[in-house]
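Before any questions on how it binds or moves, here is one chain, the form predicted on its own, in structure tokens.
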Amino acid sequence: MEPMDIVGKSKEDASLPKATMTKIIKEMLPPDVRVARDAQDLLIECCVEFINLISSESNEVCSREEKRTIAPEHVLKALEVLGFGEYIEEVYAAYEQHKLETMDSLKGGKWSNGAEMTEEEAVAEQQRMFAEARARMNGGAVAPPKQPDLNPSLES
């Protein structure tokens, strides 16, 4: 019989990206150290099990507090309950750093170059993006966007 997790899917359904995990493993080791493929697979399985363990305990902590959403403090409490208290400070620091990086990326934005756009520039950018999307949908080339006439008195 195959082991099942809480939501009824087999353990094989839950995994971590091997390429990412291999990169993390290699970054932690000296350059002259090699890791056998089966050792990498074992490390990945350990990570998955650790995530399952922390998630499950975090859910228990959350349930005891009669909450429906697991919050960061539930995860920190789960670490303590499971005997990983010595990592709480480091985990919390990583969480705070993540919050700062996330806020920075939201402020800067994926679409922003760091400067504020005027309303006219935003409308022009929106029109350009609509034209590109329309062209992709129609399978055609992108027509150059009509540039707004910024100085109507200079006609050539």
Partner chain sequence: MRQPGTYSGMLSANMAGRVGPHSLPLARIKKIMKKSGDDVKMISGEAPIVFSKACELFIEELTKRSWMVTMQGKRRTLHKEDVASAVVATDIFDFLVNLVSESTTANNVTDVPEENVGTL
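Here the structure is a predicted model, which is why all the values come from computation and not from measurement. Residue numbers count along the first chain shown, from 1.
Unshown form predicted together with the partner chain; subsequent notes refer to it.
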Do Glu49 and the partner chain share at least one heavy atom pair within 4.5 Å in the model of the complex? yes
Even though the partner chain is not shown here, does Ala131 get within 4.5 Å of it in the model of the complex, heavy atoms only? no
Exercise: Arg136 in contact with the partner chain in the model of the complex, heavy atom 4.5 Å: no
State yes or no: in the model of the complex, is some non-hydrogen atom of Glu45 no more than 4.5 angstroms from a non-hydrogen atom of the partner chain? yes
For the stretch 51 to 67, I need every residue with any heavy atom inside 4.5 Å of the partner chain in the model of the complex, listed N to C. Ile51, Asn52, Leu53, Ile54, Ser55, Ser56, Ser58, Asn59, Cys62, Ser63, Lys67
